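The chain below stands alone, shown as structure tokens; this is the form predicted on its own.
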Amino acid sequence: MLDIKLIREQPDLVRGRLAARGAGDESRVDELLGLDEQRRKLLAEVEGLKAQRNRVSKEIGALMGRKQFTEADARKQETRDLGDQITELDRQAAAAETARNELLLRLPNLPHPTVAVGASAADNPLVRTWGEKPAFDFTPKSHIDLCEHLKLIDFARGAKLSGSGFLLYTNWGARLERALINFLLDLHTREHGYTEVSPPYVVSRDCMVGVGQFPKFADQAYAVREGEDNTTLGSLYLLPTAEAPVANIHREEILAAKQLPIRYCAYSPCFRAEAGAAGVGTRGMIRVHQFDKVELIKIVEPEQGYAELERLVANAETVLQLLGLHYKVIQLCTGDMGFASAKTYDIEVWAPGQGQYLEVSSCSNCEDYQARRMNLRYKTETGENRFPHILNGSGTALARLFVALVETHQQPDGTVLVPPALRPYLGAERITTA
């Protein structure tokens, strides 16, 4: 969440950065400051009444010592009245604090000053491209045709099992998916210095709040119920991305500065209900409710946050380079950024069968926004407790990587050539019907 001290001291700055997002959140700043001021005023009144009660209590002792019992009893009633006032003011202060904090949880992060101001994806600046779009001397097939011809995915039976937006990988398709996951994990752990972790696939509500998924995107989550006990519904959720558990590994901890930077890498399936999302339910792999992803998480000192972001993007780009896939890197403008992000780069890979670029990685520095929500701090060498920067990035996401790979490396005879870097994992140079 945002730093309440920053909002108090520089409200115009906060309003301006929120306004750049174009969502109207700057209009909530005055309401937030009003609740904060109300809380602080009530707490000041409470402290004043407690001081008064202490003085009266001392006077009672003196009166009792002089055997002035009638006067002492009157003062005792006064302390009881003061106690009732303190209880009521404490209740009001707690209510104001709860309302303030709930509003803070609904305010997005402030875009970094270097982020381009824009209203939508059309305003995202292009950073760079890599490679060239593949040229074919035949009409390239879509991944749907390739998957059906090579029996990589059974779309109909996937829908029969779980409904639209779910996939059943078969034979070489299942093996290719597994090969890609292992390739990604090995690359990031062996070459890029990440520590592999394997998180639970269900997470608490606190974890979802910590990374900024809740309360903003509660309608896109799959809630879990334990058996027939309806009271448990919503205490746990299927993870939307491994970011939710992995970024929260050190929640409510105080790390030593020497422990930083921390770099985690994790595979997980990802589950997204995406209520109302256009395209869910159509055939293919572009937008589905369940997909695999290898996630990269960094916890670093603030001074290193943006240098680490550039390295994070480079790590994700290496995946596509090794697989021989043409891609572009764009910087998201203020109107297209994620809720928790201060600065984001998207990597979009070219899918020739689709005739379009597909996002396979989003790399963000959330600065201290998530750390505040999960109360994660580190102690500097001088003994100061600070909030670290938390970064996340897809390293990368499937099934779109799967789509780009089979469409890019398809051959005239309908087979798919396997990139050299992937061959040791798949145990084949070519995917065929045989």
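If you're wondering where the values come from, they're calculated on a predicted model, not measured in any experiment. Start at 1 with the first residue shown and count on from there.
The same protein also exists as the form predicted in complex with the RNA; that form is not shown, yet it is the one meant from here on.
The shortest heavy atom separation between Gln38 and the RNA in the model of the complex exceeds 4.5 Å. Contact check for Arg377: a heavy atom falls within 4.5 Å of the RNA in the model of the complex. In the model of the complex, no heavy atom of Leu398 sits within 4.5 Å of the RNA.
Interface residue remark: Lys50 is counted as part of the site for the RNA in the model of the complex, having a heavy atom within 4.5 Å. The partner is not drawn, yet in the model of the complex one stretch among 56-64, 27-35, 402-410, 389-397 has residues with heavy atoms inside 4.5 Å of the RNA: 56-64. Annotated contacts: His149, Lys151 and Arg225 are all free of the RNA in the model of the complex [non-hydrogen atom within 4.5 angstroms]. With the partner omitted from this view, the residue of Lys76, Arg287, Arg178, Arg205 that lies near the RNA in the model of the complex is Lys76 [heavy atom within 4.5 Å].
Residue Arg80 is the only one of Arg80, Arg190, Arg91, Lys133 with a heavy atom lying within 4.5 Å of the RNA in the model of the complex. Residues in 205-239 all lack a heavy atom within 4.5 Å of the RNA in the model of the complex.
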